[in-house]
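Just one chain is shown here, as structure tokens, and it is the form predicted on its own.
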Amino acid sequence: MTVDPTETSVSEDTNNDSTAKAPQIEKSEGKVATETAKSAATIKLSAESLIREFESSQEKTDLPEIYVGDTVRVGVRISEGNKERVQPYEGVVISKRHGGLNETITVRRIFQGIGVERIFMLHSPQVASIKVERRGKVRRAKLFYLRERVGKATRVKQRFDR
């Protein structure tokens, strides 16, 4: 087998032609990619707006201003069989987390000498009502130090200006 120099040159010409066409293909693919990105962004924006709209419709509007250190009474819906009742849970708010629809508070109370903490999602249908019994004067965002305290040491000073 002998290699003909004309065939080699033809294949080089073909390679040159294909490389010359390649940038044109890439440019058109770039336009397609840009259009796809724009449509994906439009879909994303509409999905975000749908989620925002749904979350805002699920949020409760009648919640009081709750701060860490406040003593609150949370009415919790409890279903027993086919009956439903509201049971109050009263304690000190030791932390607040998240925001919007996912906002939670941790309420601590002493029951029969044992500290019990419950986390409540404020916008949950299980939470029937929240009432602030007493405002607390604290200088921290989280009151986890109350866990180690016993008896009168767990008291929080009352605040009268809110």
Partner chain sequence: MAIGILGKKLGMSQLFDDKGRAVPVTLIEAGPCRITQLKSKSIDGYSSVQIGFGDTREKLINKPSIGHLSKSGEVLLRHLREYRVEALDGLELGNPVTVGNFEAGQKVDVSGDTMGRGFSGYQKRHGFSRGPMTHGSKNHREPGSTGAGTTPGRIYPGKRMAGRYGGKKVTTRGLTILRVDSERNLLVVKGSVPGKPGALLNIRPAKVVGSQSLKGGSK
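Given the structure is predicted, the values throughout are model-derived calculations rather than measurements. Numbering follows the first chain given and starts at 1.
Omitted from view is the form predicted in complex with the partner chain, to which the following refers.
Asker: Note which of I51, L63, I119, V116 lies within 4.5 Å of the partner chain in the predicted complex, where distance is taken over heavy atoms; exactly one does.
Answerer: Residue within 4.5 Å of the partner: I51.
Asker: Between the options R108, R135, K96, H123, which residue brings a heavy atom to within 4.5 Å of the partner chain in the predicted complex?
Answerer: Result of the distance check: H123.
Asker: L101: heavy atom within 4.5 Å of the partner chain in the predicted complex?
Answerer: Contact check for L101: yes, within 4.5 Å of the partner chain in the predicted complex.
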